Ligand SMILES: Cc1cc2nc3c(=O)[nH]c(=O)nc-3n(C[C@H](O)[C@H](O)[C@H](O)COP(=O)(O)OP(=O)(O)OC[C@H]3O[C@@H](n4cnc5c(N)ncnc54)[C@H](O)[C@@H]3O)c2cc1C
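Below sits a lone chain in structure tokens, taken as the form predicted on its own.
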């Protein structure tokens, strides 16, 4: 490392988000950038720690110490080349990854100030595009054809890798544009869709063929291909089948998030079908990242108020002895959306939705308790009988997604991403897509 003692004198410095009173009025990206000098100083904090747990924790096996060192020394092109060896899309993970590497950073485990790996990654790839380190590379074709079904992060990674290996790759996408949940699940203010479009344009220049508005029956795959990659994600959201679910005003999270993206793309919706929080009291059910994105979107649409409820207990602040490293730290997370304004409540089960003339007016909730399971495993939930009604005229269900049930496939069909594992992280989906490309290559070429 160029400066193995920099962490002793240089504190962690993050790029700030735009001020709340500014960012909630538009859908532009929230995260700002550090100047070049500060960014290189942050990279210098990557110490010579001996065992790079960051590399171990990253599903892609990113070599953070190597590209942080190149960044610190000002060799941005080398930093990009090192990063691109393991990550097809640093512009995505550099914006929306929860940074498993940072949770495993020695500086996090010792002084709670990990290296800013995620931001450094984003800075490197943006410099690479700006300085034209990235140019289309059209490989020599090997005569084999592969169909990738689904253009989320797993499908895009599989297509990108297979194309560079010389396969002729076609991608079928059921929606009108590529990206999957990158486009229709993650809001623009976290990931600008121009970032996705830029990458798709590059892949098209390199020979990948994208076909949109194309739905495929997985029981009968299109003929004419030597191998197939199924990367259709987890399209079925977890629903809440309780009394009042059919009231107007109760929506799945992606009904709102996907529609908002389409509105920004120029599509229009009539009043009857518009999912918009303007002037409404919003209740978000679910405490994860999708719930936070619903809160942020509701603010930008002009909601009156937002309440978020979670059925699980409130996590501890800072440290959680129940989830020590190397487990993911289950601690209280205050997201960008919570900072924008939100009442948060825990240990609440939703019993029913209440309405008048077919329109939502509130939700009856009941406090719960969690008791240890005498047989081990998941704790047992018990209702307490303490009920109340939360007044609301919009409910957004953000309770995760169901793993799809796929048919039996032949030996030339490979499943990648959330379709294989159930809902997970973008970085894991990219890793899975890369693995699928290796399996295809081994199957077709030996």
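Residue numbers count along the first chain shown, from 1. All values reported here derive from a predicted model rather than from experimental measurement.
Although not depicted, the form predicted together with this ligand is the subject of the following passage.
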Exactly one residue in 80, 353, 172, 72 has a non-hydrogen atom within 4.5 Å of this ligand in the predicted complex; which is it? 172
Which of these residues, 98, 166, 362, 315, gets a heavy atom within 4.5 Å of this ligand in the predicted complex? 98
Does residue 215 make contact with this ligand in the predicted complex, using a 4.5 Å heavy atom cut-off? yes
Give a yes or no for residue 158: in the predicted complex, does one of its heavy atoms lie within 4.5 Å of a heavy atom belonging to this ligand? no
Residue-level question: is residue 286 within 4.5 Å of this ligand in the predicted complex, judged on heavy atoms? no
Is there a non-hydrogen atom of residue 232 within 4.5 angstroms of a non-hydrogen atom of this ligand in the predicted complex? yes
With this ligand left out here, work out from 266-274, 177-185, 344-352, 125-133 which stretch has heavy atoms within 4.5 Å of it in the predicted complex. 177-185
Do heavy atoms from each of 154, 290 and 429 fall within 4.5 Å of this ligand in the predicted complex? yes
